[in-house]
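Next comes just one chain, in structure tokens: the form predicted alone.
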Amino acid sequence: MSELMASGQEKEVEVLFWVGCAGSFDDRARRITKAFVKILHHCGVSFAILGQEEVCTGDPARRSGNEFLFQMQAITNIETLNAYGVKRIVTTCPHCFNTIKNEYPALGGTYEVIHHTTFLQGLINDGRLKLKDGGEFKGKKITYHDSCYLGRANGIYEAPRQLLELLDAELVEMKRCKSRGLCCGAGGAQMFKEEEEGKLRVNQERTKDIVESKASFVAAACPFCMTMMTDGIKEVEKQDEVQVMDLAEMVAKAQDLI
């Protein structure tokens, strides 16, 4: 696998960082990408990205019923990944994580796929990432929002919470959490379609849980969840009291990397 794939300069690396559409183009999600990359550099992790060769995984296409487009996008990516001999992938997006891990094997793409929260926990376990202390998060009340594609779809609940414990923060669980967690409202390609008729948006309902937790920070692990919860917090005018941050941003900030 090449560290600078577009230039053809080949160097063996530990992992391919799958940036994803949100992490590449959405202004807020790009801050998560930068924070995660700073952690990788800080820990001496050698990694590669596909750059312009990376195509959308096809998750929104499949969820919205366009199977033809999904397979076109997926096969394009699989051919690229296999051509580079990619074996191990890390991503900050649970949608990318779920699609590449669970749906690409049927089309010929089988890889070890890791979500960034699990990857960060692994760096800590290996002694490569040592959190000095919680910094501004020490003793603060933090609630964690379980992404559907990370939690219920793939059973990853503990790694994100273990990271919060290492920040010396007080984890305050929402009444709907883990396997009973409430969707942010963006899954299943809902992020990209007009909302349907109803009395209350899903993210508004989830925002009620956040406010009731009385937490100062909401820890997220998905760019879609980040957008929906940030919008929900703004709508109830609580943005001065509650801050939504990705776990990578929290870890990077605790290390004075951002």
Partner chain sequence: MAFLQPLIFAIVTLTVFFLAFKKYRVIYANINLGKDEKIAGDSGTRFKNMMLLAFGQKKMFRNLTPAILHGFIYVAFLFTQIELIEIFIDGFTGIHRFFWYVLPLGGFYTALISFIEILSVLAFVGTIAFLARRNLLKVPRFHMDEMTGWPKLDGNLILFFELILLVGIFSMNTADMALADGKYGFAISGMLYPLIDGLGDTTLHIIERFGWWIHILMVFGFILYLPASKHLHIMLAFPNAYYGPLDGGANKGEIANMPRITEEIKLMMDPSAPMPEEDPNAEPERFGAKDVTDLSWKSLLDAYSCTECGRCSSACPANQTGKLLSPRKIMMDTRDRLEEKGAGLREHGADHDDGKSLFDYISTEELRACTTCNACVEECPVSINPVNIIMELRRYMILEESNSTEEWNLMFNNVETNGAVWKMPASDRTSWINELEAEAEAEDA
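Please read these numbers as outputs of a predicted model, since none were measured by experiment. Residue numbers count along the first chain shown, from 1.
The same protein also exists as the form predicted in complex with the partner chain; that form is not shown, yet it is the one meant from here on.
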* So which stretch, 137-145, 118-126, 67-75, 161-169, is the one near the partner chain in the model of the complex (non-hydrogen atoms, 4.5 Å)? -> 67-75
* Asked: Looking at the partner-bound form in the model of the complex, is Leu182 within 4.5 Å of the partner chain by any heavy atom?
  -> yes
* Are any of the heavy atoms in Gly85 no more than 4.5 Å from a heavy atom of the partner chain in the model of the complex? -> no
* Taking heavy atoms and a 4.5 Å cut-off, does Ala22 contact the partner chain in the model of the complex? -> yes
* Can any non-hydrogen atom of His42 be found within 4.5 angstroms of the partner chain in the model of the complex? -> no
* Structure fact -> Checked 200-219 against the partner chain in the model of the complex; residues with a heavy atom within 4.5 Å, sequence order, are Leu200, Arg201, Val202, Glu205
